[in-house]
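Starting off, we have a lone chain in the form predicted alone, written out as structure tokens.
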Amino acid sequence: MTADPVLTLDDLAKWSRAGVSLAVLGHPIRHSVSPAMHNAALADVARDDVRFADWRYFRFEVPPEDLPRALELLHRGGFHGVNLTVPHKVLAFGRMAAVDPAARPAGAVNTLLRRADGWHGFNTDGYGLAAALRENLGRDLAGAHVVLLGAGGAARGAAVECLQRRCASLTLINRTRTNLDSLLELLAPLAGGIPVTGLEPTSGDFARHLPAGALVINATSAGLKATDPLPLDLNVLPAPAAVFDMIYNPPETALLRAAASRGIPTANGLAMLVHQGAKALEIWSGVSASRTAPAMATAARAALAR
């Protein structure tokens, strides 16, 4: 079996493989380049260390209602590690046997490590975001005014990272008030004096609360499809410093095009994907993220070009 097919719960139910297996779960998952990225890094590492010669990474299409069963089958099948993407990061949080202290504030996990007692959850999204912002935009979260779009699993990891790195302020924008309030409640103990504001884009005094010179980060799925509406009208923002979109495929979303047309520096989420993936592989293998990130980046770009 290769890492190329999109596998399902049926494949997982009859799983039998002698080597070390890793996986990514999502819905949808067909667009993911994580298998190409991780398998290239593993092949590169295996040239120096034969222990990794039988490690392989697979992708599984798992609807949210099937996540509990999938996690059970993965553990029973001996999978060593799992990545989670949309929509599973928050859903899986309460199903962990243990959660890394750094991931607890986010209430979301994207990296699971198999232990005898169950899955141990981690969140590498914040690490990936911070590394990508430095690499692509030359910007740090520390001291930055951040406007964060979304309130799901990816937004949670990003928001926690912003506060832990002591951003100047954090403005959360989300269309669903209940999700927004839930995230604000989760972040309150972490703020430590940092102003944290939650806004709905339809509120009447919306623009009045937006800071000038902000780093805008899109953590929503708006932009995955060409027909998606903009997650935020940049015209309401006073001169953003830069716009970062976590989406990497397509490489230029409508939000990034709108920013570029105004002369605002932009970056997509490919570097974030690479760095969070390299950190996940470090958790599973002990091989440093800095060692595997270059091979992952090359493979991810090649996969997207295809």
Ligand code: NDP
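Residue positions are given as counts along the sequence shown, with the first one as 1. Model, not experiment: these values are computed from the prediction.
Omitted from view is the form predicted in complex with this ligand, to which the following refers.
Exactly one of the stretches 217-225, 70-78, 164-172, 112-120 approaches this ligand in the predicted complex with heavy atoms within 4.5 Å, and it is 217-225. In the predicted complex, every residue of the candidate spot (Gly152, Thr176 and Met272) has a heavy atom lying within 4.5 Å of this ligand. This ligand in the predicted complex comes within 4.5 Å of a heavy atom belonging to Lys89. When contacts are judged by a 4.5 Å heavy atom cut-off, Ala278 does not count as touching this ligand in the predicted complex.
Contact check for Pro229: a heavy atom falls within 4.5 Å of this ligand in the predicted complex. Under a 4.5 angstroms non-hydrogen atom cutoff, this ligand in the predicted complex has Tyr248 among its neighbouring residues. Residues in 4-41 all lack a heavy atom within 4.5 Å of this ligand in the predicted complex.
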